[in-house]
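The chain below stands alone, shown as structure tokens; this is the form predicted on its own.
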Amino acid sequence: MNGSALNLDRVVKSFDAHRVVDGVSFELAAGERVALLGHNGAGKTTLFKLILGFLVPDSGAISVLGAAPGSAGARNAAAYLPEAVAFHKSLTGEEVMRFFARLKGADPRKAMPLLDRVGLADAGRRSVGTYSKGMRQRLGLAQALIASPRLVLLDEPTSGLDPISRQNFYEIVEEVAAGGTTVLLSSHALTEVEARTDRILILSRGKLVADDTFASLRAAARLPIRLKVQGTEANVEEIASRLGGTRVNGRSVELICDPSEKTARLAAITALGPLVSDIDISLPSLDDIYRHFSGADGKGA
């Protein structure tokens, strides 16, 4: 599927003269998995509410699959999973799915397999009041996927999930994206989204300060690379004298270099031959990239 699933053009939203969303523009294509990152108060939740039509922008424009936010066309095409998902405690999982299927004009029978997909088939006839937070979160994901929405907004979707459930969640995200659904997810778990999204958006104080792939953002940030060269207690002094750097744990030498110096540094390490028993290369993580662009390290854009 081709075309724009979501388009924001210079969107502004203020509360009491404070700009919470400040001139934000971006476009998401069909099938993209995009992470929306930002500190608390950066404007992420407000942005979601604008896209869903719960709030109206002061200026700028938003298009959800060619429709206005909150319109029938947008509501039918989009789904939302809030961080604090809540369902009536007396309803069973199956009853929740049937209820939301009817709200969306979908066949309730076709919604039931989603319970199995999120690992709740055995709990479908239990009341939601007996569910753990992680189970309620998985039920929320199942209801969000009813009727195969073309745009899914997920706000801290893995909150409360155990490691296996988190892995299962991202497998589902990959599946729905492969089918052409666009996924925009907000998360503080940066390590999770680093390898599981196609693109990163970073909000800081209401402004969009970064919008690109992780690899491109890392290249643009030009943050230092850490190389740890391991030897033995007998030869670590020689390694340090020939390479420079800082000795670590009596057996290793740590080097910090600019990305442009990496190849030359690795060549110098290789030239040491049998003195070196191992090399560990640590590239900047998404946490590092986020801190850089959001200004959390004091140097952000």
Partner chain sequence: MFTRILTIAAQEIRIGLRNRWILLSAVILSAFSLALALLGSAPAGTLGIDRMTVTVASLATLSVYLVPLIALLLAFDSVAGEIDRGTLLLVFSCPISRGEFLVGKAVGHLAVLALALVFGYGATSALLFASGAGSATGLIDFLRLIATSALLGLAFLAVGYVLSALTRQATTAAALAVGVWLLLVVLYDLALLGALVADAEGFFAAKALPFAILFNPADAFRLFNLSALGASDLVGGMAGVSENLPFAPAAALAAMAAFTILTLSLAVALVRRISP
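Just so it is clear, the model here is predicted, and its values are computed rather than measured. Residue numbers count along the first chain shown, from 1.
Separately, the form predicted in complex with the partner chain exists; it is not shown, and the next lines address it.
A.B. asks: Name the stretch, out of 234-242, 263-271, 29-37, 47-55, where some heavy atom lies within 4.5 Å of the partner chain in the predicted complex.
C.D. replies: Selected stretch: 47-55.
A.B. asks: Taking the partner chain as it sits in the predicted complex, is Gln230 in contact with it (heavy atom to heavy atom, 4.5 Å or less)?
C.D. replies: Residue-level check for Gln230: no, no contact with the partner chain.
A.B. asks: Determine whether any heavy atom of Phe100 comes within 4.5 Å of a heavy atom of the partner chain in the predicted complex, and answer yes or no.
C.D. replies: Heavy-atom contact with the partner chain at 4.5 Å: present for Phe100.
A.B. asks: So in the predicted complex, does any heavy atom of Tyr170 sit within 4.5 Å of the partner chain?
C.D. replies: Answer no; every heavy atom of Tyr170 is more than 4.5 Å from the partner chain in the predicted complex.
A.B. asks: Even though the partner chain is not shown here, does Phe214 get within 4.5 Å of it in the predicted complex, heavy atoms only?
C.D. replies: Result no; Phe214 lies far from the partner chain in the predicted complex.
A.B. asks: Identify, from the list Ala189, Val209, Ile225, Val85, the residue with a heavy atom within 4.5 Å of the partner chain in the predicted complex.
C.D. replies: That would be Val85.
A.B. asks: To verify the annotation, which of these, Lys104, Arg117, Arg205, Arg166, has a non-hydrogen atom within 4.5 Å of the partner chain in the predicted complex?
C.D. replies: None of the others qualify; the residue that does is Lys104.
A.B. asks: Pick out the residues of 123-157 whose heavy atoms come within 4.5 Å of the partner chain in the predicted complex.
C.D. replies: Contacting residue: only Gln143.
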